[in-house]
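First, one chain by itself: the form predicted alone, in structure tokens.
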């Protein structure tokens, strides 16, 4: 049987660090919102059977977008990102996905994901999961609470974790639920997989796959969006 892959794109956050008048996924890059750019790029990846967007309960922006596609679903988001991911997984299972299928979880605020990275991640799929990342290039320093340098951290085999992050649906669902039950802090999907004893594979990604978190990131994302046109 052909392996199937789906996507969950948590979009229920408020993006408080952007200090904007709306959640950051609804800020504009050129003539479209960040969310629209992200979804458009994901829809171009033909292996995705369905893409689900968990949205905030009182989201007043999504309905204003002209964003309709037969492969695109929405569902209720949750209080935390991992709740939204679980809701998205449950939505996929209700729409025909199987626990043995695969799911990529991608940050809605990463609008510059490339088809090359999506193909590389899908090709590298592993039973223990795999994620996109970028090797650390700069010298890394650890500081104390007063921002005084404590020591230099060895950067060999040190990576920045990116998204998407890929795992089998049933494995990821169970891993997140185990973390929640045990009160373990989930920083990303890979951290949930790691908690249950798995060792996800790191796949080198393109530097353009930045996450829009602060106002300055909009400028960089704008440059990449224009370059990709």
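Residue numbers count along the first chain shown, from 1. It should be emphasised that the depicted structure is a prediction, and the values quoted were computed from it without experimental measurement.
In what follows, reference is made to the form predicted together with a small molecule, a form of this protein that is not presented.
Review point. Does at least one non-hydrogen atom of residue 11 fall within 4.5 angstroms of the small molecule in the predicted complex?
Key: Because a heavy atom of residue 11 falls inside 4.5 Å of the small molecule in the predicted complex, the answer is yes.
Review point. Is residue 80 one of the residues lying within 4.5 Å of the small molecule in the predicted complex, judged by heavy atom distances?
Key: Residue 80: contacts the small molecule in the predicted complex.
Exercise for review: May I ask you to check whether residue 92 falls inside a 4.5 Å heavy atom distance of the small molecule in the predicted complex?
Suggested key: No, residue 92 is distant from the partner.
**Study point:** Partner proximity in the predicted complex: residue 22 to the small molecule, non-hydrogen atom cutoff 4.5 Å
**Key:** No, residue 22 stays farther than 4.5 Å from the small molecule in the predicted complex.
Check your understanding: in the predicted complex, which of the stretches 103-111, 136-144, 123-131, 152-160 has residues with heavy atoms within 4.5 Å of the small molecule?
Key -> One stretch meets the cut-off, namely 103-111.
Practice item. Kindly confirm or deny that 17, 84 and 211 each have some heavy atom within 4.5 angstroms of the small molecule in the predicted complex. Key: Per the other structure, all of 17, 84 and 211 touch the small molecule.
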